[in-house]
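Next up is one chain by itself, shown in structure tokens, the form predicted on its own.
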Amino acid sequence: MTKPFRLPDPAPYRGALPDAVDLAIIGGGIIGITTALYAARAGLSVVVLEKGRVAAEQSSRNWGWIRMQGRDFDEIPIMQEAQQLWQDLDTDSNGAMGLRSCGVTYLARDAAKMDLYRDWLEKAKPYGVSSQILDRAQIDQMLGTPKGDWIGGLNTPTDMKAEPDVAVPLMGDLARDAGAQIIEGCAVRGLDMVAGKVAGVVTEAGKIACDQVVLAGGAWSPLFLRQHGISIPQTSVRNTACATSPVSGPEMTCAVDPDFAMRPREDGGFTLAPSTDTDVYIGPDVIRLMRWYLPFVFSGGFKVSLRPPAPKHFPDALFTARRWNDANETPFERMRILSPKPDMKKVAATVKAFNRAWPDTAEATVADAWAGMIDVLPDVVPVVDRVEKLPGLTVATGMCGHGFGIGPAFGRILADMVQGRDVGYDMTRFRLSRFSDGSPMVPGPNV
């Protein structure tokens, strides 16, 4: 099996460390790259510092959905902007991102699930979504008469998909063309703080002066924040996925049922994944944060399996350092790319469920399999906010598996945020302080 992210050789993003920039971005995933793109287009001098390779972690390992459907209601207007930005970025890349408006369909086997879909749709209607309730006959017409035992579903025909391991590096090229510098293989060890404010970043290759920093470190963000006295109840879960060989059968659409999720690929195959089955590696932070996640676990919407202790050098491994001296090697250098092993039993079960629904796909083989670590927060909503205790630092993390689709809009928002501009939305829902100001947790929709 090959990795989901095909590393170009040689690495495309190298160069000497700049002495000073307007904005330093920690993390070369979709959030960091699009922040750099829009900040550079606004005239800022920008550097993206990536400890490994651009998009080599979750940004290349996700399902590839760009969906409005099922979103938290505060995310819907931002997602509407994201879908437009996706189209613009694909045009800028000469249509090479694999972007398609193929729709997303949630499939239900019982009336209770259909009631959840109807409830979400009723609340989402004021935003002008294209979503619609389907009966079984409409599902058969849309999906090529599958054999699944569904009674109906929820469909959003304007939702999209793209190829993650292709699209994000192309966005990196656009950011570079706009003037942003991207440096791979360069970990940021910490912030350079002067008089209580950000004055720069300390990297493994030296310091860069700047008064604005965006942290978009995904699964690594809590480790970095803790080094500077900021605690956030983020953990990571493993999700396994696979790609099939080219097949005939389902129509070209994204869909999910209780057993599997699917996304058509540009190579004629499908990306498949367990729909709600995730793994949590036991580690010190998982144990410490358990109280935050018990309501989520007991909600019944997701299957969460506890696994043995986190592998060596993972963010929550037993002996991963939680404190360090910026002059010495850090956890970010000890694991350049977070690449968990896929659960091949889950791959087999997922492919089997897919084959049951579309028997014509039984001849398909598993061409690839991988796993990624998804950064999650207890209410399944990200943090996108300035860090008041560290003036000059802005954090975007906890994307909860939804960051690929909404990424360009959050990148645009972050670029305006660091410039002190009006971002165009009420960002209260995404504030960092919700985990410390006594506010009750308000989970996002579980549809």
Ligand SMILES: Cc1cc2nc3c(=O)[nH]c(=O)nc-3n(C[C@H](O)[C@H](O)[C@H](O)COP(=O)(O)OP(=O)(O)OC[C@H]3O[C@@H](n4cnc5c(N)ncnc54)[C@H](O)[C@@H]3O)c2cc1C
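If you're wondering where the values come from, they're calculated on a predicted model, not measured in any experiment. Note that residue numbering begins at 1 and tracks the sequence as displayed.
The protein also exists as the form predicted together with the named molecule; that form is not presented, and the subsequent description refers to it.
Asks: Using a 4.5 Å cut on heavy atoms, which of Phe260, Phe332, Tyr106, Phe270 is close to the named molecule in the predicted complex?
Replies: By the 4.5 Å criterion, the partner-contacting residue is Phe332.
Asks: What is the one choice in Ile413, Ile26, Val383, Ala40 with a heavy atom within 4.5 Å of the named molecule in the predicted complex?
Replies: When the named molecule is considered in the predicted complex, the option within 4.5 Å is Ile26.
Asks: Within 4.5 Å of the named molecule in the predicted complex - does that hold for a heavy atom of every one of Trp120, Tyr293 and Lys303?
Replies: Checked in the predicted complex: no contact with the named molecule for any of the three.
Asks: Look up in the predicted complex whether Ala216 has a non-hydrogen atom within 4.5 angstroms of the named molecule, and give yes or no.
Replies: Judged by the heavy-atom cut-off of 4.5 Å, Ala216 is in contact with the named molecule in the predicted complex.
Asks: So in the predicted complex, does Gly64 come within 4.5 Å of the named molecule, heavy atom to heavy atom?
Replies: Yes, Gly64 lies within 4.5 Å of the named molecule in the predicted complex.
Asks: Counting only non-hydrogen atoms and a 4.5 angstroms cut-off, does Arg71 reach the named molecule in the predicted complex?
Replies: Within the cut-off, so yes.
Asks: Whether Gly401 contacts the named molecule in the predicted complex should be assessed with a 4.5 Å heavy atom distance threshold; does it?
Replies: Judged by the heavy-atom cut-off of 4.5 Å, Gly401 is in contact with the named molecule in the predicted complex.
Asks: Among 205-213, 347-355, 368-376, 130-138, mark the stretch whose residues have heavy atoms within 4.5 Å of the named molecule in the predicted complex.
Replies: Looking at the other structure, the answer is 368-376.
Asks: For the stretch 174-203, I need every residue with any heavy atom inside 4.5 Å of the named molecule in the predicted complex, listed N to C.
Replies: Sequence-ordered list: Cys186, Ala187, Val188.
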